[in-house]
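What follows is one chain in structure tokens, specifically the form predicted on its own.
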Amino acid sequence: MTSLTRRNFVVAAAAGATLAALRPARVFAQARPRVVVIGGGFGGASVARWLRRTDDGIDVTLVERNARFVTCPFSNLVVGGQRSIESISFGYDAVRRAGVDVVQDTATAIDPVARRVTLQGGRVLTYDRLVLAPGIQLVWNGIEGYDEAASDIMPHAWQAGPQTLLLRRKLEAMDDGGLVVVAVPDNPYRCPPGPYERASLIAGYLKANKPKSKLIVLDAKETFSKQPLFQEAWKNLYPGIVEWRPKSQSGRVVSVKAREGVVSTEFDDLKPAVANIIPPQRAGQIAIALGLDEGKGFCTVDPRTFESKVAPGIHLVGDAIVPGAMPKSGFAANSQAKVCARAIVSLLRSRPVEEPILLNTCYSYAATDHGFAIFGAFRPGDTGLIVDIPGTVGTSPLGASAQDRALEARYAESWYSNITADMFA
């Protein structure tokens, strides 16, 4: 978590200019333009590599605090016991080989007037364009009683890594016949179908290893992504194991007492053996500290360039933005990053910015041999948000054969191999 605060930003910009008055520089002090990217996930790593692929005359620095990146996509397979954490962890050697200066550090201050980023280790980076890909942060106490300490007892596992393994260990340690609760927040949040994939894969583990157990999905919403496909799978694969409770049926979790093991909805108190509490979310702290979210939790951008609508010269991609019709997904972040990289090159080279087409494909598992997808193409809309292109958005069909579902599960494996290779290989 960066220590950057809103006050740091105000002090840095105190040359008399307001944030709205800042304008991108068009003349560069150095021979080669410089782009700094903060955050090395699906959005940030993709921007860095695609900047170099698009124009190797641009110096690109990627700032990432961790030596290895653990992907949220496929982390549910770790929770369900079908994958290891090592299989979804990636280093940055290939990013360095692509010509990107990868700095393992944390940004602590940004001066958008002087166009400087100060790192915790003391290094100061200058830039002509800055890209923020901070992902999400969890809103502690967005559910009463659910703070960071509570997550050590009732893991969220919504930022892949130690929390993923903690949830897995708790499932392994529970007795047969125990109750598992997965609590899902209201929109918006990272990966809309992710909680339901997790519920499915946990149900698969319970069916195989602890068949007397039950899983309840407590949902703060009335509907969810790929709902007919998930519910068809639960009926066919996990009868009597998975129960989904929407908000109208006492599904919204309002409080937890982690030490007592109690999860409370508006009408019920449950005491599960394992509680997976996914809290509300907002943009990563560095974007919030800069005020790029305008107090709304997520940041608005120009969908042609992904430049902030608040701070010219600063771009954002991935889960931290308001994406309009696009979901918050790894594929979406990767697609946004490529559009952003091309736009930055055009802006730095004083060329017209192309009108982009953005893509999303999101696979989900209900079992390791049972997959399905949602897909779509998107473009900038007249309202300044991303809109879907009519006729392109859809899902896998209901009622498909077991062979077709197994084929889609293999497609999901190929998708994951390809997108991670695009960033890290």
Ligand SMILES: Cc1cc2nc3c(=O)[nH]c(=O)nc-3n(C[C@H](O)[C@H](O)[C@H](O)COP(=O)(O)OP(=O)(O)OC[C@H]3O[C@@H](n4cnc5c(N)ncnc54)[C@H](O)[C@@H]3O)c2cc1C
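Please read all numbers here as calculations on a predicted model, not as lab measurements. Note that residue numbering begins at 1 and tracks the sequence as displayed.
Heads up, the form predicted together with the named molecule isn't pictured, but that's what we're talking about next.
Within 4.5 Å, heavy atoms only, one stretch in 238 to 246, 257 to 265, 67 to 75, 305 to 313 touches the named molecule in the model of the complex. Which?
Looking at the other structure, the answer is 67 to 75.
Decide yes or no: are G39, P134 and C191 jointly within 4.5 Å of the named molecule in the model of the complex, with each residue judged by its heavy atoms?
All three within 4.5 Å in the model of the complex.
Just give me the single entry in L171, A107, M326, V182 that has a non-hydrogen atom within 4.5 angstroms of the named molecule in the model of the complex.
Selected option: A107.
Is R129 close enough to the named molecule in the model of the complex to count, meaning some heavy atom within 4.5 Å?
Because no heavy atom of R129 falls inside 4.5 Å of the named molecule in the model of the complex, the answer is no.
Given that the partner is absent here, does G44 sit within 4.5 Å of the named molecule in the model of the complex, heavy atoms only?
Judged by the heavy-atom cut-off of 4.5 Å, G44 is in contact with the named molecule in the model of the complex.
With a 4.5 Å heavy atom cut-off, would you call I286 a contact of the named molecule in the model of the complex?
Flag for I286 set to yes.
A333, heavy atom within 4.5 angstroms of the named molecule in the model of the complex:
A333: contacts the named molecule in the model of the complex.
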